[in-house]
Ligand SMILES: NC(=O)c1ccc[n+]([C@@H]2O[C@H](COP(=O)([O-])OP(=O)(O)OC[C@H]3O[C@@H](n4cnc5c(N)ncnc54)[C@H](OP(=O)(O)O)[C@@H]3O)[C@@H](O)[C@H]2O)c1
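Single chain ahead, by itself, as structure tokens, in the form predicted on its own.
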Amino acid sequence: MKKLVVITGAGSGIGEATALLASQKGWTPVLLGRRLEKLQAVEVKCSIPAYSIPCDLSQSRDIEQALQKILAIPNSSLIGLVNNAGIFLRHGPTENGLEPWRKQFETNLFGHIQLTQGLIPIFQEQKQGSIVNVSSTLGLRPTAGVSAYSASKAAMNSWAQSLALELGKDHIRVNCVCPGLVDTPIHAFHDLKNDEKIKALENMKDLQPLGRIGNPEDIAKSIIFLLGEDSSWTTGAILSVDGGINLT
């Protein structure tokens, strides 16, 4: 029996790292993302066979089709869902009207709500399951220029805790991980040329008490912990994995 873990934003960064660690534990990653070729590149790195399903979380029809494909996977049980995909847009308080709000809430929150609503009945039928939302320290303490992103992540935290209350009777756990600065494609510094990137990371290291930028595996390890039996009495938690940046 395949133990499925559905991971959004699985084509790179935290999603990719989570998929690889999940496969090492013998769980079958179900990789969701906008670009099939990126998902397939992750799929071949997994320790056991995985499934790649193209899905744009801003498109309701994509989500419906992805749900149908997930439910059709034979000889499987759903053990986990990682709501990880997200977009990050900078904007001032009066710039671009509602557009940055719509875009970020559609992908960062509403798409995940629709996907989760489609999978909750499976968890309920099984009377078990773990949902992990990948939020952000910006959802706990915003900074200037990212109000829509921060609000979408704060909403994700609150939603997770509401779900934890509502689904506890079905033995379904719901938790959040809040990464700080992590070297992933969501940040502009990720794609800098080698020397420029080294300099950028050096300039940012002192923002964290632990003295370095995070890497995707730092976050993936916490996600795997919250998915697994070692956290069986943990639900509604908001876990900062940020090198201490939320303390500064």
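Residue indices: 1-based, along the sequence shown. All values derive from a computational prediction rather than experimental measurement.
Not on display, but discussed next: the form predicted together with this ligand.
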Work out which of Ile70, Cys46, Leu181, Ala200 lies within 4.5 Å of this ligand in the predicted complex, going by heavy atoms. Leu181
Among Ser23, Ser12, Thr235, Ser240, which has any heavy atom within 4.5 Å of this ligand in the predicted complex? Ser12
Counting only non-hydrogen atoms and a 4.5 angstroms cut-off, does Pro185 reach this ligand in the predicted complex? yes
So in the predicted complex, does any heavy atom of Leu115 sit within 4.5 Å of this ligand? no
Residue-level contact is defined here as any heavy atom of the residue lying within 4.5 Å of this ligand in the predicted complex; does Ala85 satisfy this criterion? yes
Can you work out whether Arg212 and this ligand are in contact in the predicted complex, taking contact to mean some heavy atom pair no more than 4.5 Å apart? no
Given 121-129, 164-172, 77-85, 94-102, the stretch touching this ligand in the predicted complex at heavy atoms within 4.5 Å is 77-85
Taking this ligand as it sits in the predicted complex, which residues of 125-163 have a non-hydrogen atom within 4.5 Å of it? Please list them. Val134, Ser135, Ser136, Tyr149, Lys153
